[in-house]
Ligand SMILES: Cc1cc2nc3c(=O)[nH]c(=O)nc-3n(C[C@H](O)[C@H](O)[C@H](O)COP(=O)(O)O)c2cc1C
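Coming up is one lone chain in structure tokens, specifically the form predicted alone.
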Amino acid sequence: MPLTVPNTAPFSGAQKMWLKGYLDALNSALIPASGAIPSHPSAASLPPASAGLPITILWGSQTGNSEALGKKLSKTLASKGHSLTLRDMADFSTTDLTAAKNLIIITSTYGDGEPPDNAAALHTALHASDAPQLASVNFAVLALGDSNYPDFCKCGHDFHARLTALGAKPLIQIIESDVDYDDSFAKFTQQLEQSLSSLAA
């Protein structure tokens, strides 16, 4: 009987595809012309699949830039084998935060250092006295802003400082981005990939 990957196997789609290709090649090598099937190799003899991590990306945006970057980052990290969830901050609660093992926040700053409209409720709840402890959460923050304003990237810094105060562990230091965010986003993505790779090893 040829080796196959069960539908219930706890792997991501990319990992299952890799294993299926490997097992197809192995089955071809194991089945001789006579049709006799030798004993199966032990599971320990199979190379380990790369370990993907569950990652939640939250975006806070007034104009859509953070959402666009969130989608771009989601595709990049998914291509590395990670399991991605992309969410609008307006649809996320502090209770949801406690279940987010690896949290990425991409947010702009609005007005006089305030959070964007869709991030306001989460920002307020996170700063409340009854906000939950987040010791099991790893996080990173990309803060978008405009250096022409005095409270440059304040919302991103608010999230970074409060998550740290609640026990969450930064994967990388906060990265600020001015109006032209391409270089900052590339730097953020590179550092984040390296940190997640180390975490998954």
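One rule holds for the numbers: they count along the sequence shown, beginning at 1. Because the structure is predicted, anything quoted here is derived from the model rather than measured.
One more form of this protein should be noted, the form predicted in complex with the named molecule, which is absent from this view; the next part is about it.
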Interface stretch in the model of the complex with the named molecule - options 84-92, 70-78, 105-113, 121-129, non-hydrogen atom within 4.5 Å
105-113
At 4.5 Å between heavy atoms, is Cys153 in contact with the named molecule in the model of the complex?
yes
Heavy atom of Asn138 within 4.5 Å of the named molecule in the model of the complex
no
Would Thr63 count as a contact of the named molecule in the model of the complex, using a 4.5 angstroms cut-off between non-hydrogen atoms?
yes
Report yes if any heavy atom of Leu58 sits within 4.5 Å of a heavy atom of the named molecule in the model of the complex; otherwise report no.
no
Along 142-162, which positions have a non-hydrogen atom within 4.5 Å of the named molecule in the model of the complex?
Leu144, Gly145, Asp146, Tyr149, Asp151, Phe152, Cys153
